[in-house]
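The chain below stands alone and is given in structure tokens; this is the form predicted on its own.
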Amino acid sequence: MSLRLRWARGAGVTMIAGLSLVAAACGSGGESTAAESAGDGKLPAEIKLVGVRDTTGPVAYAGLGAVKGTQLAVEEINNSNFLGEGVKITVTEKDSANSIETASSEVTSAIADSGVAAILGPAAGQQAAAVAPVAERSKTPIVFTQAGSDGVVIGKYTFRATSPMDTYYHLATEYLAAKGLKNVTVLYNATFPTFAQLAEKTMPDLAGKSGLTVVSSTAVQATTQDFTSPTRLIAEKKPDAALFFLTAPQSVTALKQLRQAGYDGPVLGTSVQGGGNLKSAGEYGKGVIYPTDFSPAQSQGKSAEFIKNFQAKFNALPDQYAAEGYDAAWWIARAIKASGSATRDGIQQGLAKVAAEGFEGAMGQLGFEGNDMRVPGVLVEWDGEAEKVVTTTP
């Protein structure tokens, strides 16, 4: 999910330009501002990372999950001496607090600190798009989770450890086609670019390939809290399936109002409905199906190992945000090992090298298109208490 709100183009350009100047003042070369390797060619005893993510505010669930996943990964990396005896990764977390300005300030501060080797970037797409040019200008590697909109992976130093929703949403349309369902309606939050792209471009393209017909597509805004009117329209059309591209709180309300309007057909959502976000919908949430990049219902390979270790540490099942944060931290650790360097340039080169080869992580076998992660994805159904796998790709 991109958590990016639309914002004024002029203001955004001005802010990015200003931050770029600040970053330039902090240092224009990666190696001159990064944590250096020891003079004898060995890695430093401490490799410092900074995480800039929402841990308060309306999308804190994404940031908090990623933080926990990172914590587990760092613990495993350090305890196993993955980078060598006595070499430890440390992560200092900063709350971006649902604010572009705060995220920009924290990223700029991290860049200015020559001891910081790399940054784990914000999940909110609007924040990510604002800080990505700053990281590029200062040659500081930054690895984002979520942030699925355009303008995030923009050069050599920007990386994303989340596969954009539109790269695996075909799982949903293939499921509908396999069930013989034809007519679908779409209700989407047009404020978030990822949802808008899914509704306005991805879904029509996938529908055509799967023999589906989109009989209606209704846009709402991030501030919309009452869905009485659009859900009544959906119920009146009696579609074979209804698709929701909404935030987690919006989905709960819209589901209740859709069922109360008399619609009893299948509802499909997005990975935003994962992580137990449908639990508060009660009976209304049962049976909702959605594709996601990770589910705690997965039970094979590294995914199963990650779930077991996460439960042992936090006494809870991991969500997709935790899996993304975990794989992002391991990507950086693998990058340091691959390049043999903890400098910013060394980590950037290592991240690119690891991406070219791929690796197995919490989300399964991870591939990449350039600096952008790709995963097979998994289709799951919420049964009121937990997710269960509907189908997966090979």
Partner chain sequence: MSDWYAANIVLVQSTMTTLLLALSIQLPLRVGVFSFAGVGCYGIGGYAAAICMIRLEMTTWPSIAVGTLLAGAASFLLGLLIQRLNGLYLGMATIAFTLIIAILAVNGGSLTGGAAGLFGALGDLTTGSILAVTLVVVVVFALSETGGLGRRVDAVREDPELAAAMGVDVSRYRRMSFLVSGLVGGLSGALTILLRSSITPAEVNFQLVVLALTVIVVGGFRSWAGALIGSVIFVWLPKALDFVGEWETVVYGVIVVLAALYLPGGVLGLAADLYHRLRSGRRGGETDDEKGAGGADAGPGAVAGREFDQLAVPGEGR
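Positions refer to the first chain, counted from 1. Since we're looking at a predicted model, the values are computed, not measured.
Below, we refer to the form predicted together with its partner chain, which is not included among the displayed structures.
Only one listed stretch (163-171, 288-296, 97-105, 79-87) carries heavy atoms within 4.5 Å of its partner chain in the predicted bound form, and that stretch is 97-105.
Taking the partner from elsewhere, no residue among 300, 303 and 335 has a non-hydrogen atom within 4.5 angstroms of its partner chain in the predicted bound form. For the chain shown alone, residue 365 is not a contact residue for its partner chain in the predicted bound form, no non-hydrogen atom being within 4.5 angstroms. Contact check for residue 202: no non-hydrogen atom falls within 4.5 Å of its partner chain in the predicted bound form. Taking the partner from elsewhere, residue 182 is found to have every heavy atom lying beyond 4.5 Å of its partner chain in the predicted bound form. Among residues of the shown chain, residue 137 is one whose heavy atoms approach its partner chain to within 4.5 Å in the predicted bound form. Note on the partner interface in the predicted bound form: the residue among 309, 191, 210, 71 having a heavy atom within 4.5 angstroms of its partner chain is 191. In summary, among the residues 129, 206, 242, 176, the only one with a non-hydrogen atom within 4.5 Å of its partner chain in the predicted bound form is 129.
Within 4.5 angstroms of its partner chain in the predicted bound form, the stretch 194-230 places a non-hydrogen atom from each of 196, 221, taken in sequence order.
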